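We begin with a single chain expressed as structure tokens, specifically the form predicted alone.
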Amino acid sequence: MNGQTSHQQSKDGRHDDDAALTEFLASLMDYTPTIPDELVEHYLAKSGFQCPDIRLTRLVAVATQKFIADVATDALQQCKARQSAVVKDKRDKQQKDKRLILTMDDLSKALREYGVNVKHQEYFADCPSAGLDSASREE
């Protein structure tokens, strides 16, 4: 009897999961994602994936939107942590200016947590010798 009860519960649980999935997929038909369907379809096709079901395209758009939101939130936390360390050093000057400045380093650290390594070019402001010719660097 115990085996039959657990089998019945397993069937009911699976049925509930199937019903929830069906309802969720149906709700995607009425949902307009932030990332346009055409853009998602372009990148899916570029990676070799084609599916005529718009619900799947919108599911990818929702997952992408969630990923971008998570990365942006983590980058904001990195920015706040970095700027709070600076504020402790320069309390008087920073008290007036409370704007947050998101840098590429903040974004790179946030992306690194998700397994994405970003390398960006050095800019003139990043390295004092970046704008100098090779003869000037040797001096």
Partner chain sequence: MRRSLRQDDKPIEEPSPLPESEFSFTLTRVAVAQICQSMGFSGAQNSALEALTDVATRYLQAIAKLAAASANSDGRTQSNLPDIIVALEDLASVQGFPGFSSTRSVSLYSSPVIKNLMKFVNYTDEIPFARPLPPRKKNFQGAKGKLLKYKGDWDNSRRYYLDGDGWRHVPRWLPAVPVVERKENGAEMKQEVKWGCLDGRGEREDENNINGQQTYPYIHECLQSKLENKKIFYKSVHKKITLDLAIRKNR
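Residue numbers count along the first chain shown, from 1. Computed from a predicted model, the values in this text were never measured in an experiment.
Missing here is the form predicted in complex with the partner chain; even so, the following discussion is about that form.
*Asks:* Is it the case that T32, even though its partner is missing from this view, gets within 4.5 Å of the partner chain in the predicted bound form, heavy atoms only?
*Replies:* Because a heavy atom of T32 falls inside 4.5 Å of the partner chain in the predicted bound form, the answer is yes.
*Asks:* Would I101 count as a contact of the partner chain in the predicted bound form, using a 4.5 angstroms cut-off between non-hydrogen atoms?
*Replies:* Yes.
*Asks:* Look up in the predicted bound form whether A69 has a non-hydrogen atom within 4.5 angstroms of the partner chain, and give yes or no.
*Replies:* Yes, A69 sits close enough to the partner chain in the predicted bound form that at least one of its heavy atoms falls within 4.5 Å.
*Asks:* Does A85 reach the partner chain in the predicted bound form if we count a contact as any heavy atom within 4.5 Å?
*Replies:* Outside the cut-off, so no.
*Asks:* Within 30-60, which residues come within 4.5 Å of the partner chain in the predicted bound form, counting heavy atoms only?
*Replies:* Read in sequence order, the residues that approach the partner chain (within 4.5 Å, in the predicted bound form) are D30, Y31, T32, P33, T34, I35, P36, E38, L39, V40, H42, Y43, L44, A45, K46, S47, G48, F49, Q50, C51, P52, L56, L59, V60.
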